[in-house]
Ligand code: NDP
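Here we start with a single chain on its own, the form predicted alone, put down as C-alpha cells.
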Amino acid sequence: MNKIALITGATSGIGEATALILAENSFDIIITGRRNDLLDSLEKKITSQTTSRVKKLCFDVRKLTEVKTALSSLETDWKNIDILVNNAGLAVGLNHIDEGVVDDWERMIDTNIKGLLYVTREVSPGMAARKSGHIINISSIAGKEAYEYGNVYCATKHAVDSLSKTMRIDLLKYHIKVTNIAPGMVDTEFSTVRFKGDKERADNVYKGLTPLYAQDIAETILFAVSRPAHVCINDLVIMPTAQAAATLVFRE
C-alpha cells in the first residue's frame, strides 16, 4: 500500500513539483491550496501520468476553521498521512520596517507561521499515535540570514527554522522525522508575489544567473523522505551555484 503525502501550497512551484515527483514514486497524494482551478489541473496531471491516487482539498491555511474542516473531511483511507510537506508560504513587499505595510506583514505571518502550525496541529497527532511520520518544512535562506528589506519575511522564516528544531525535539519519542529545507533563489511565483504582480521586476531577480527551479527542491524532498527509517535529514540549505548568501550573487 502506498504511503500518503499531504502537500500544502500545491497549486504551483515547489508544491506542484513535489506532488508530481512523489506521485511518480508511488506516494498517494493529498494536494491542497486556495486556487481550485489549479488543483483541478494538477489532479488531472497526476492521474494521467501516474498510477497513484490523488485527493484534492481546497482551503486557505491561514484560516483555522477551513484547515480543520478540510482535514476532518478526509475519508478513513486518507487519514493516515505519512508525509506532511508544509510548503505554503510567501513574501510580500520590500519595505524598511518604518515604512512597512501591515497587511503585508499579516499575510506573511498568517501563512508562513500560523498556517504551518495549523496544518501541523491537525496532522501530527495521527503520526504520534502511529509512532511514524515525516514532516518537511520549507523554510528559506531568509531563515538563516537577515537582509535589508527582508525584516518580517526573514522573521517568519527564522520562525520556521526554529519550529523545525523544536518539532524534532517534541516528536522525537514518536519516531517522527522533521526536515527543514532552506532554499536560496528559486524561480517560481515567489518574486512575482513579492513584487505584487510586477512580472518585469520579478524576472530581473533571476537575470544573468541560473537559479534553482522547483524540480530541484522537489527532488531534494524525495531524497529526504526516501531515506531508511533510521536516517533523518534534519536541515538542508540549497543554493544556486551563482549564489553564496542571501544577497550575494554572481551575474554574467
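Keep in mind that this is a model prediction, so the values were computed, not measured. Residues carry their position along the shown sequence, with the first being 1.
Missing here is the form predicted together with the named molecule; even so, the following discussion is about that form.
Interface residue among R53, K45, R34, K56, judged by heavy atoms within 4.5 Å of the named molecule in the predicted bound form: R34. A residue is said to contact a partner when one of its heavy atoms sits within 4.5 Å of a partner heavy atom; D216 fails this definition for the named molecule in the predicted bound form, lying far away. Heavy atoms of I14 reach within 4.5 Å of the named molecule in the predicted bound form, making it an interface residue. The named molecule is not shown here, and in the predicted bound form it never comes within 4.5 Å of any heavy atom of N180. Proximity of T120 to the named molecule in the predicted bound form falls outside the 4.5 Å heavy atom cutoff. Stretch 183 to 191 is the answer when you ask which of 22 to 30, 183 to 191, 196 to 204, 219 to 227 has residues with heavy atoms within 4.5 Å of the named molecule in the predicted bound form. The partner is not shown here, but in the predicted bound form the stretch 70 to 93 reaches within 4.5 angstroms of the named molecule through a heavy atom at N87, A88, G89, L90.
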